[in-house]
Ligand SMILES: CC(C)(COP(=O)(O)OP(=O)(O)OC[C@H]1O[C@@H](n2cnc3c(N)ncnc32)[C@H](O)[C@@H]1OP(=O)(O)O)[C@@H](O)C(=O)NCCC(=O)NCCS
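In structure tokens, one chain follows: the form predicted on its own.
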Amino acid sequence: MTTQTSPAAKPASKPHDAEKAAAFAKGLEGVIGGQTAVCSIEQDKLIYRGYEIHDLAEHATFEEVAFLLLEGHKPDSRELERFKAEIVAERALHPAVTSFVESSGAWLASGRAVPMDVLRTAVSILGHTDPDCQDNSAAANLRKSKRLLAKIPTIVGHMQNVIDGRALIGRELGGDPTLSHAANLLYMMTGRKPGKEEARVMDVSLILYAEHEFNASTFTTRVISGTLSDMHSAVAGGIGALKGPLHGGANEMAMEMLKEIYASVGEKGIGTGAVDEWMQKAFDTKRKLMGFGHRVYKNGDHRAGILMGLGKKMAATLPGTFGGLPAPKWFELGEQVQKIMLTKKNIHPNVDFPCGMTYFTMKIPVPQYTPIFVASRITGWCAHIMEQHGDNRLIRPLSIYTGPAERKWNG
């Protein structure tokens, strides 16, 4: 009688198993997955094509950074004006895309879809309307990159109009052609043209989110484009990866956490031991607190301090309350949570943590935080897709088999 091997048995050893095991890193942590000229992440610096993030946040506009990432160099004044005109001219959506966004209200209201789902599908439909969709040449990819950069904020704006039950803003032109990319995004979502400081804070947030090397969503776009699939397919895949709360969704969850703390301790509890008690309970129950820690940065995310400072400064100028609290109080609560995390767990915030507070005090609905991330990161994704298509090799890693040992089907 033949005894079948148990499913829990170790697989048969192969000569190269030891070599594979030595190279294995769960989540590909520390593994070099390729080369790129787009971005460099270092412990003390984040660099886009040679320019450090603090320098860009202080001196550049998002349009200039988008040009840098997509066209490969810092634009001169003529190039920048040409680029801005190209983007403004492409803001409007094809009627098929607009019709889909308008039809998405019931799905969003029922919870069967969230804004990232609608955005992912809308980008797929954009592919059908783009004359260059199946062309992976460098020139066609650059044209598609600019169209995606222009149209994604329009999709986000129209979607929020549908959620709010308002007529679509900027249906014919994709907003106000006199507004900057960041200001127009806010206008499209709210119907309100932002002030100079609010527009600048949004502009800087887009710069900070524009690119971040081989993160999960960018690597996804490179894997897809590495098969020589088209840009719209790769971007749709990137949106799917960014939807996850361990990546782009962290800014939404960070703000929901702060709202939960406020609901528990009240305004009078901010700045007291009540917040510390709430945090200790979270630690004791091993709750994952979003907006903290980073796979690459061990001593803190450089972007977090930039956005925290700008958001806090803007909050001091905002009248009224936001979710029951004056705007500065949200940043006071956030700073207290940051201090507790650093003191008790030695974990620094990442950029998603101040982003949550900043967008909340700009009255941006929480479910749109990650779609706004897409409106920025589309520049980095497209830069990487073009780079992958330009010097391609199919991305195909190996794995270590942990299933049962070889056995006979009729044994």
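Throughout, we count residues from 1 along the sequence that is shown. Just so it is clear, the structure is predicted and the values come from calculations on it, not from any experiment.
Not pictured, yet referred to below: the form predicted together with the ligand.
Novice: 108-116, 175-183, 130-138, 286-294: which one contacts the ligand in the predicted bound form at 4.5 Å, heavy atom to heavy atom?
Specialist: Contact criterion met by 286-294 only.
Novice: From the list Arg171, Arg143, His94, His247, which entry has a heavy atom within 4.5 Å of the ligand in the predicted bound form?
Specialist: Result of the distance check: His247.
Novice: Please identify the residue among Asn350, Thr361, Thr61, Gln368 with any heavy atom within 4.5 Å of the ligand in the predicted bound form.
Specialist: Selected residue: Asn350.
Novice: Does Met341 make contact with the ligand in the predicted bound form, using a 4.5 Å heavy atom cut-off?
Specialist: Met341: contacts the ligand in the predicted bound form.
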